[in-house]
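This document opens with one chain alone, in structure tokens, the form predicted alone.
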Amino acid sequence: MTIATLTKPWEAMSYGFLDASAKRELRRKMLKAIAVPGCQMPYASREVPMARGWGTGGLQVTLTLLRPSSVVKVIDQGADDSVNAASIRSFLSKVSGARETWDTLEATIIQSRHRIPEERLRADQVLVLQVPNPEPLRPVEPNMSVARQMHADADYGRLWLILYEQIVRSGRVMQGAAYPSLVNGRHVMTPSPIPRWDVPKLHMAQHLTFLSAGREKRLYAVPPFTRVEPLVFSDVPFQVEDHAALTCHRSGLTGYFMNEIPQGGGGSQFELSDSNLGIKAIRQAEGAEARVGSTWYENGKMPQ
């Protein structure tokens, strides 16, 4: 036996950019994350052609999941056409041969920064959320060794204290994005900087969700049909943003999460955050064919 028989011919690049060793490690950690929902799994975050903090964690998970038959959608705060989303989507397609799409219904893998699409995801779809800070205890415990021990002991009293102080000072919980949530009755996670509007979409959802932070070298998961419960007091119910009455000035849709666009004179216009849903609505209004799936929210309310 020679070294030549143990090696493969030289190739310019591995399929899906990451080498086989990196993918094996990521797959092992992803399986562990599914087995212990909400628990952070450390991994050796590899270098990718993107700066840390711009979605390298989500990119590595997506590269590990990609196949030539995959259909990839990438969104940045709801938009498919932002520079970050378009660059990542193009890169994924070039290194894997996977087809690109803007349509949530067509995608098999959806990588997202700060938003979950308004159309419901199916059991055969995977959501990959980019996470800048995966540690929900960091605001109350900067020492990560102590924070790990607090997770092991399920010691989340300081998080409850933060929420209580917000209620005392402001009359309501002021926590916006990355609302701390209890997963499967055991681990508290930060669901990436998604708005409160999107947190209920993770509860008992059909799809698998991975959350990955490349800079922090941590990933965790929410498997299908898993309880995700925002931390709330029994007498102060969890509330999402009050966007039910807002109307998108472009598509005319109402009852969904909106972006506020300041106007001259102090006024504001509102635009649907999920840009592809807005495009579909405009096409339908113009008489073109556009298939819109069922949405999580109906008239600003999520059915119980």
Partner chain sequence: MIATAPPLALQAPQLMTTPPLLTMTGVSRRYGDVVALRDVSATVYPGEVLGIVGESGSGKSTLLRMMNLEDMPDAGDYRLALPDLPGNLFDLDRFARRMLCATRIGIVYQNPHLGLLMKHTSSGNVAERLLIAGERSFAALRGRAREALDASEFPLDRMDARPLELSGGMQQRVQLAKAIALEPVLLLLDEPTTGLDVSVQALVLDTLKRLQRDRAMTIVIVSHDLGVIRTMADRVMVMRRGRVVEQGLADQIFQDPQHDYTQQLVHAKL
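Numbering follows the first chain given and starts at 1. Remember, predicted model here, so these are calculated numbers, not experimental data.
We do not show the form predicted in complex with its partner chain, though everything after this point is about it.
Using a 4.5 Å cutoff between non-hydrogen atoms, Val236 counts as a contact of its partner chain in the predicted bound form. Though the partner is left out of this view, Arg158 does reach within 4.5 Å of its partner chain in the predicted bound form, counting heavy atoms only. The closest non-hydrogen atom of Ala86 lies beyond 4.5 Å of its partner chain in the predicted bound form.
The closest non-hydrogen atom of Met174 lies beyond 4.5 Å of its partner chain in the predicted bound form.
Contact here is defined as any heavy atom lying within 4.5 Å of its partner chain in the predicted bound form, and by that definition not a single one of Phe270, Ala285 and Ala288 is a contact residue. This chain appears without its partner; in the predicted bound form, the one residue of Ala154, Ala123, Met144, Met204 with a heavy atom within 4.5 Å of its partner chain is Ala154. Among the residues Asn133, Gln149, Ser90, Asn184, the one placing a heavy atom within 4.5 Å of its partner chain in the predicted bound form is Gln149. Remark: of stretches 76 to 84, 107 to 115, 218 to 226, 158 to 166, the one touching its partner chain in the predicted bound form is 158 to 166 (heavy atom within 4.5 Å).
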